[in-house]
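Only one chain is given next, in structure tokens, and it is the form predicted on its own.
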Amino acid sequence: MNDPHLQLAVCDYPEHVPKDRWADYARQQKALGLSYVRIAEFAWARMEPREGQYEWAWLDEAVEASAAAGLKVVLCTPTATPPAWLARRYPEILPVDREGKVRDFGSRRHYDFASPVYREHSRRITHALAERYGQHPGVAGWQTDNEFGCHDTARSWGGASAAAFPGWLEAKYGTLEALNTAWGNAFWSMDYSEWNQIRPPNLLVTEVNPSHLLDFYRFASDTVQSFQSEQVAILRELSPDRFVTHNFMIFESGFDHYEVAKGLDFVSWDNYPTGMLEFFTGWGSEDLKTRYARTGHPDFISFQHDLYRGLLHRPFWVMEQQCGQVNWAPYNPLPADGAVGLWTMQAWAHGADVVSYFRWRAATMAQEVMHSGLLRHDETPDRGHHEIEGFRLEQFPLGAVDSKTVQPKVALLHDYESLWLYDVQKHAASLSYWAQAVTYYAALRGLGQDVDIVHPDADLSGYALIVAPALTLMTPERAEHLEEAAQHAHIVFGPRTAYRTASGRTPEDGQPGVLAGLLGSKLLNFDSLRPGLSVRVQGPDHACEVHTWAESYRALEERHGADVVYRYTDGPQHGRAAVVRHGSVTVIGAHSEELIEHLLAGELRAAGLPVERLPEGVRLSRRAGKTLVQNWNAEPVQYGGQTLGPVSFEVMDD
């Protein structure tokens, strides 16, 4: 895509409406200023109503209608919704949930990624679709499947996945002795003597072995990756000059997105800010959720933008952008006036080249009749339609065709294996990996920073400050990489750093194991604080209360010159170190939004980066020589000598 500014798109479902509406809808979409239309991700039963019987005439006509209006079509492989004939003729394709129950036909995403039968049908329908439309002049690119992992579907706990898991383990470990050692199976007499004795770790009497679970999650993630790679290979062969992407999900944890993104031209994701806020736990209060109920929280949303920009280090698309109320959260408020425009511009400022609204016309059937579209059920323009029809897209340049158009000097390290290990034994019910990561991220955004979210093994050479909120899994190679990064950057680590080795066990010499030299400290104790229980910490010029989690350290002053920055002043860890600094490296053991923000502000200044404490609900995002000033509050805010209206934005030249 060589267009110089942000472009807009829409998700449409021609199979949901009479044919006489298709051409008119396409003309309306073009008149609204839209450039792309995404279709057909849920239309397998219409493409192939019976096995081997293809019906393309309707899709031919739909594609032609969009192309004739000047729209570029994003065509989807329809494998997120296996048709009834496939599920009934081949029931072995169906997934099994964590409780051992088969997940049946009648909704969506009802397949097991490991099923050889389903993989064959996935390849077949992808090949047929790409063979017919791969060189169609109206088709600009492809989306594989739809929302991997949605509805907890990345992992099947029985069936084909259960059958394939032991073979994956044998290929990884070679011998049962190696597996038993890696998993620590001497504990509770869990040793295996045959590969076929091993099953997915569900339906157990009590806690699962974390190492067993970690490898099952790795297996499931590899299976998602290989499933997608088969589709991508077919699309590359039959449609070599079109792009291929996939639309990822909000805070989805079921697979390693860095691995699954490999082979795509760019990443897409689906942005539903108000629904996301309702489901996020462990960060923020109910009062905060109420405050941002009509906009979503700016940092929840921008975290996803920065994560998906970072998967491939290049611009991304928002493939589904909320444009009114959603239908799937516990509460589904109508968005505030201005919210759709604000979400669109925030996406652009964080690196989106295209924002695509879900959906064109509100569904008049089935599960999504309560969900909004750009048009209401009666085809009249809804609120989102009115907000985007006045956009002046030339205000939103893309700059160079790479991620350098967004140039943070701060990196936040994130990886899925650390996430899996953290959450399998949270030890504090009110804290999770995502909550801890967002706490640090939100502090950085509130201090006026743009942030790259990157894998800990990625190139870190361009950053002045590197923040690792919950880097639970540590290897010697990763430790060496971080030691090299510390030569040119300040690094801040959060609680539970290097708690685990690659196999999921703890280091034999205690945490942080191979990272002790870099941190200049060793873990002493950790304290899980129930709601209402807190302790206090004291630094040289600041004291504050700590909640949820508190861990203490022994500073290695005699060998490494480490300094204790904060100590606990009460509780069972009274007098022990809560924060230790060793040269340019700081480790924070206490969970406290106030403490984290205070320390990060100091580290930003030490790294030579400007710090600006922004008012509540105000955020800055920079791209291509522009700064987007955003007010997410329901009331006006004074900032920079001007009044920002409620739920609004201003675009300023840097």
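Residue indices: 1-based, along the sequence shown. Since the structure is predicted, the reported quantities are computational estimates derived from the model, not experimental observations.
Beyond the structure shown, there is the form predicted together with a small molecule, which is absent from this document and is the topic of what follows.
Between the options 308, 463, 183, 272, the residue in contact with the small molecule in the predicted complex by a heavy atom within 4.5 angstroms is 272.
Interface residue among 551, 215, 320, 452, judged by heavy atoms within 4.5 Å of the small molecule in the predicted complex: 320. Remark: of stretches 165-173, 494-502, 141-149, 412-420, the one touching the small molecule in the predicted complex is 141-149 (heavy atom within 4.5 Å).
Though the partner is left out of this view, residue 42 does reach within 4.5 Å of the small molecule in the predicted complex, counting heavy atoms only. When contacts are judged by a 4.5 Å heavy atom cut-off, residue 387 does not count as touching the small molecule in the predicted complex. At a distance threshold of 4.5 angstroms between non-hydrogen atoms, residue 108 is in contact with the small molecule in the predicted complex.
Within 4.5 Å of any heavy atom of the small molecule in the predicted complex lies no heavy atom of residue 567.
Highlighted residues 328, 358 and 368: every one comes within 4.5 Å of the small molecule in the predicted complex, counting any heavy atom.
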